[in-house]
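Just the one chain here, the form predicted on its own, laid out as structure tokens.
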């Protein structure tokens, strides 16, 4: 408990207390008069056209970006684990970790050159895939390495081909980690704001890339703490519900 105390105190001071203070601000008319208005700020937020636009784009990033990320990570992980020599994988894994250490500002400059004429949200999607693919592959390769090779060998003797062995043995046995990687991808989709902000270089990107983080950030610049707090609470509830649903689903596959 003594070793955990600094971490617990840090969490309380920098996360828990500010969160409840944010809940408090979301129930007031403004930060000066501080009159209680109930859910008026929340109603104002959910009726706002820019909040609805931001919610739509954030949901699209989850529905389109996360499946591509997970499917590509699974395919590459299967190839690396079962069809690539261990000595080569030893060096490739460093390349997968590299996106986590490269400065975001430098990467955004490169992306500007690559997608200078883009008129879709593809640059943000590719930034998201590039940044999260490596950690997803590392987690999946580690999980696939835990599969007993004797089970796969037995299936091969019975006539099961490579694809069937992976579909009916490797993937089902590792569903908890696949669900975890999916959940990690969803949570990280809410953290792509910095990359998108640096790519577009302003507070108001094109409508197709305007996400919830932009909406919250713009209200922060306007010192509109009531709308900021309400929209942040709603966004946190989005994430909490998704995490709860996926953790509930994950329990079905635990042995």
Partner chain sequence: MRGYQKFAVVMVCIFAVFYTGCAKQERKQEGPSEVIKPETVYESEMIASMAAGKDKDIYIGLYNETRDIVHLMEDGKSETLGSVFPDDKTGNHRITSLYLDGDKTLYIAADIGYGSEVYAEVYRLDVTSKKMSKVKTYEQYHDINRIAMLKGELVMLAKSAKAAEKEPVLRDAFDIFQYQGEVIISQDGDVVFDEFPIMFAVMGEKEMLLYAHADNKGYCYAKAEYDGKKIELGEPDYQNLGQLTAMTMTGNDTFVYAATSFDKSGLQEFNYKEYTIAELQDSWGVITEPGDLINADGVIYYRVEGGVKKFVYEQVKKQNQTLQVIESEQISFLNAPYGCGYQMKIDRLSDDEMSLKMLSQDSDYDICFMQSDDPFGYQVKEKGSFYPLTDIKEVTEYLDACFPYIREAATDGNGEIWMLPVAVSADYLLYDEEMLRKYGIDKEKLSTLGSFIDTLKALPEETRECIDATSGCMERTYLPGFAEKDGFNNQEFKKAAALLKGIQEDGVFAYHQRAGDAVNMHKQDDFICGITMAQENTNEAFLSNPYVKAAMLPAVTDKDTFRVKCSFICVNAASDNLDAALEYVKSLCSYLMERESTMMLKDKEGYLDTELVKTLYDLYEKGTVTFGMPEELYYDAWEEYKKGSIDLDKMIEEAERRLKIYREEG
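Superpose the two forms; the largest set of C-alphas matching within 1.5 Å is the rigid core. Remember, predicted model here, so these are calculated numbers, not experimental data. Numbering follows the first chain given and starts at 1.
The following text describes the form predicted in complex with its partner chain, which does not appear among the structures shown.
**Student:** Please tell me whether the candidate spot formed by 67, 125 and 146 is one where all three residues come within 4.5 Å of its partner chain in the predicted bound form (heavy atoms).
**Tutor:** No, the candidate spot makes no contact with its partner chain.
**Student:** Which residue, 203, 40, 56, 191, is the contact with its partner chain in the predicted bound form, using a 4.5 Å heavy atom cutoff?
**Tutor:** Filtering the options by heavy-atom distance leaves 203.
**Student:** Is residue 223 part of the interface with its partner chain in the predicted bound form - any heavy atom within 4.5 Å?
**Tutor:** Within the cut-off, so yes.
**Student:** With a 4.5 Å heavy atom cut-off, would you call residue 245 a contact of its partner chain in the predicted bound form?
**Tutor:** Outside the cut-off, so no.
**Student:** With the partner left out of view, is residue 17 within 4.5 angstroms of its partner chain in the predicted bound form by any non-hydrogen atom?
**Tutor:** Output for residue 17 is yes: heavy atoms within 4.5 Å of its partner chain.
**Student:** Answer with yes or no whether residue 238 is in contact with its partner chain in the predicted bound form, where contact means some heavy atom within 4.5 Å.
**Tutor:** No - in the predicted bound form, heavy atoms of residue 238 and its partner chain never come within 4.5 Å of each other.
**Student:** Within 4.5 Å of its partner chain in the predicted bound form, which residues of 8-41 have a heavy atom? Give them in sequence order, or say none.
**Tutor:** Result: 12, 16, 17, 20, 21, 24, 25, 30, 31, 32, 33, 34.
**Student:** Checking residue 23 here: with the core superposed, does its CA move 2 Å or more between the shown form and the other one?
**Tutor:** Not so; residue 23 is displaced by less than 2 Å.
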